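Heads up, the chain below is alone and in the form predicted alone; it's given as structure tokens.
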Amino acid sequence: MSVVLKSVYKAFEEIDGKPKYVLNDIRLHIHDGEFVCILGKSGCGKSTLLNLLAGYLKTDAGRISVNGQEIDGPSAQRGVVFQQHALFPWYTVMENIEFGPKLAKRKDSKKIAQELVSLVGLNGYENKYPGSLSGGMAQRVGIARALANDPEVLLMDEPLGALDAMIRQNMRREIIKIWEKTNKTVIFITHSIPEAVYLADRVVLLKEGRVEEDVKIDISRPRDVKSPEFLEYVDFFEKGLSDQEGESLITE
């Protein structure tokens, strides 16, 4: 299974009658089980790219396919985790996770949900409501809910962006554990350089709607954020994101 983007273009508004492209000739091949981070500043097109992959938007030109099948709208085979967890506040943790399988009339929906509760480390919280959970716990439920339909691809749109620094660090470790256990293909959007280097097999750097760099992160896991190798990658992407005035992306 692979995700392939062939010469993808997307424009949102017109200037003097000409389209302003948010994404310009994006070409990517993401392999089965690969963890890829899409890195870039605000406005570079990374969330637009994820919305195209999710099927919420359509390309203006080009083709996006998953396992050879062209994307034509949202699908349960592409699970999405948002920055804001978007859980149903009137449902418990279990009910939120069960929602997709129940909708699909799966008779084993409760078993699926319980296994995912264990996977994301929330045993004992099954009957809690989202309002009583910490930000990190709520995002774990969001990840479990996205996995409940057993998607081919997990799309994550800055899922840690609203969390404080300590929880964010812990959640990065948890996400890697979940990915290693499920072997899902993950496409993860972030504006944080250290986050991308910590998580990804490959980092795709977007700049002004184009792929500026596509780099394999050749560091074994677990990764030491203070190691020379790690800091070398961080420095490389900082330079890649610096603008002409020397202003670089804020890192976390």
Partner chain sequence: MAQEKLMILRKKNNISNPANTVSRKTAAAQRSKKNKWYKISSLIGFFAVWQFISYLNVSNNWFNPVFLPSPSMIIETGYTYIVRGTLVTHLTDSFVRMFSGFAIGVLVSVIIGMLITSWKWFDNMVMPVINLIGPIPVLAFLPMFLIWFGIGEGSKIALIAYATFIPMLGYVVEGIRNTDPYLIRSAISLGATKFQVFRKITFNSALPNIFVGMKASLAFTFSALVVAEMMGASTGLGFIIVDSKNWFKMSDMFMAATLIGLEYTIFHGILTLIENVILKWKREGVSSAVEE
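Positions refer to the first chain, counted from 1. None of the values given here were measured: they were computed from a predicted structure.
What comes next is about the form predicted together with the partner chain, which does not appear here.
In short, of 109-117, 144-152, 165-173, 178-186 it is 144-152 that has heavy atoms within 4.5 Å of the partner chain in the predicted complex.
At a distance threshold of 4.5 angstroms between non-hydrogen atoms, residue 124 is out of contact with the partner chain in the predicted complex. Using a 4.5 Å cutoff between non-hydrogen atoms, residue 65 does not count as a contact of the partner chain in the predicted complex. Using a 4.5 angstroms limit between non-hydrogen atoms, residue 137 is distant from the partner chain in the predicted complex. When contacts are judged by a 4.5 Å heavy atom cut-off, residue 71 does not count as touching the partner chain in the predicted complex.
Counting a residue when any of its non-hydrogen atoms is within 4.5 Å of the partner chain in the predicted complex, the hits in 36-63 run 51, 56.
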